[in-house]
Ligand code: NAD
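Next up: a single chain in structure tokens, the form predicted on its own.
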């Protein structure tokens, strides 16, 4: 059965009970799965007050106790992965194997933070006078608010939860209204793991209204947001106006550079499969493909062959390799990208037209012959469309890759250590993958530069946004 939708405030699950609701729809069929309750102003105030009250105790809690809860969350996540994953496929659309894989990977995030929260160290600074003692403390920042997206509903939410809670902060989180089951399931995991009431609160509603109210609250000390660049900039400006700390993981338009000394077949297959993961609705999806001229034809042939073989369908079907887009409007956006590409002389090699029948399906699409000013080369498609363009000079490829305000992820394929080092140093991106996909692990930092955001999640940097530095000097 689909997840019973609710808010989670002060340790209790709060259902609709006369509140405004909105339908949650299965993108593969258009079927209404459930009704999601929206938070009232009173609900938001209760969540904030609960988080503030809980913080007074939680900030003093033992790191060992926090660690034990996070470990229990990991254990419960693994045991419930099948049911949670099925519900993610129902409301988000991705293939079931991807949904379950998302949860299993996130169990590692909980375990990593369980270990690292025991290692939040300060330091002693040697004094200039023998009678002075001086040291640095790292303390939790306070009540945090977080806003998470629909494409990886479990992954994006748990990253913020385990970092805030592991640091000793408390949290009010608004997840994605279109794919809410994973966030409700997370609340149940933390609840069953023994997290004290008020440390985690989940609310739903109209995004602009919820974010405005929560960020402006004097109770809130830190904001974390994952989503689009335009919305991220608006929220960052609001947070800045109220002197709130922020972590911003925003959009990208990831360049993939394939040099003529690469393992061409391996590069083509790897990039094609990465492109259709979650129907291309991935902020780090390769989305601009620059291929050196000498190998362009060979790469394109293998890439297109791989794309054409992709099975598209309902994510619950075992044969499905790519599910629907998450929303009907995303299909319209894909069609607009294709029409713009054609108007700029692009050739549709495969795909290019929405699929008939129920659900929000758009086929994997490959387009060639595009100029750099076509919309597909300048705007993040966030869908299963791949533009292939050739380059001759490596420096020109780097210039084109760096020409946009995005700077989240990037990909390089080469068998030359010299070329790999050159590209890794020259690319303006927060993450560089060379000859494989190796990011988003619990022990590695995830974040971008330029318009793609500020701050990192994961790795040893994971708690930086949730801690303040206090210097103590004593005679």
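Numbering follows the first chain given and starts at 1. All of these numbers come straight from a predicted model, not from anything done at the bench.
Below, we turn to the form predicted in complex with nicotinamide-adenine-dinucleotide, even though it does not appear here.
With the partner omitted from this view, the residue of 190, 225, 154, 289 that lies near nicotinamide-adenine-dinucleotide in the model of the complex is 225 [heavy atom within 4.5 Å].
None of 296, 259, 360, 382 but one reaches within 4.5 angstroms of nicotinamide-adenine-dinucleotide in the model of the complex through a heavy atom, and that residue is 382. Note that among 391-399, 226-234, 304-312, 260-268, the stretch whose heavy atoms approach nicotinamide-adenine-dinucleotide to within 4.5 Å in the model of the complex is 226-234. Within this chain, residue 251 lines the site of nicotinamide-adenine-dinucleotide in the model of the complex, having a heavy atom no more than 4.5 Å away. In the model of the complex, nicotinamide-adenine-dinucleotide stays beyond 4.5 Å of every heavy atom belonging to residue 112. The closest heavy atom approach of residue 119 to nicotinamide-adenine-dinucleotide in the model of the complex falls outside 4.5 Å. For residue 244, no non-hydrogen atom is located within 4.5 Å of nicotinamide-adenine-dinucleotide in the model of the complex, even though that partner is not displayed. Contacts of stretch 330-364 with nicotinamide-adenine-dinucleotide in the model of the complex, defined by any heavy atom lying within 4.5 Å, are made by 330 alone.
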